[in-house]
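Only one chain is given next, in structure tokens, and it is the form predicted alone.
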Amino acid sequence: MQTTRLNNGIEMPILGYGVFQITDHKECQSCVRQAIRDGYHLFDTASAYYNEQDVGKACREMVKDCAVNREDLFLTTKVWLQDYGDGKTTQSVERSLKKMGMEYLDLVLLLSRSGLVRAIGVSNFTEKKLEELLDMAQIIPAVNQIERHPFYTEDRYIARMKGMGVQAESWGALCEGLKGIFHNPVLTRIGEKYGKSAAQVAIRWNIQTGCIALTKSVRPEKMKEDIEVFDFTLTQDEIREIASLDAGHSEIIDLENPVTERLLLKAKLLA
């Protein structure tokens, strides 16, 4: 697994496995174990996913079985909006650690505390919000996890983040299967050249253009396919052709919409 160096010197895998919407506990544990066997080391969960305990249990089992070392895993979780604030954020992270059965986390979106978290980041920050944060932050976020795929390239923003020292990470590298991405003619044609699927081309494009990519599937064959993207390299012409698919707007969740913002602020997690 290839890595990228974050602004605090920590190495983070450039491809990871996300567990959003995998609500069945046994299935989530099985998927994480399979992902580790396939070579995934980066795992992305959140308190709002209600499966932190499953990710932690599966990782602990694989470490115990000597399938992977804990220091080779990169575990990410997220603090929900209701838990932001002095004291509350620390308590949220401590709950996550307890659920996962881990002594530390590799990345939290959002907290920094010596011994518990190796790096902090943010999720779904628009350019304006990120700039406002950097004006007051004592620690520059290492990562900003955003929607990013061939239909919403955010190339200018990603270049801007790079200049800020913030690593872009895509939580929607495959557009959640929307827009016919798995059969897109451009991605399919490029994939045929390398013996790859449209999905593999989209993942490779994300990685090659400087964005960490998260994928998710509960199908073992698809999980294996998604990680097999390190044996080919897209040309600059192909990268530009893929970028031409950009619609210039979100295809999944419009965070600039005030209605979306209000709904997120009102949503509360169960204990």
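The first residue of the sequence shown is number 1, and the count goes up from there. These numbers come from a predicted model, not from an experiment.
Beyond what is shown, the protein has a form predicted in complex with a small molecule; the following relates to that form.
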Residues 20, 145 and 214 all lining the small molecule in the predicted complex, heavy atom within 4.5 Å: yes
- prompt: Taking 4.5 angstroms as the cut-off for heavy atoms, does residue 196 touch the small molecule in the predicted complex?
  reply: no
- prompt: Taking heavy atoms only, is residue 218 within 4.5 angstroms of the small molecule in the predicted complex?
  reply: yes
message: Can you tell me if residue 226 lies within 4.5 angstroms of the small molecule in the predicted complex, counting non-hydrogen atoms only?
response: yes
message: Within 4.5 Å, heavy atoms only: does residue 108 come near the small molecule in the predicted complex?
response: no
message: Between 104, 157, 182, 152, only one gets a heavy atom within 4.5 angstroms of the small molecule in the predicted complex; which residue is that?
response: 182
message: For the interface check, one of 135 to 143, 185 to 193, 164 to 172, 87 to 95 should have non-hydrogen atoms within 4.5 Å of the small molecule in the predicted complex; which one?
response: 164 to 172
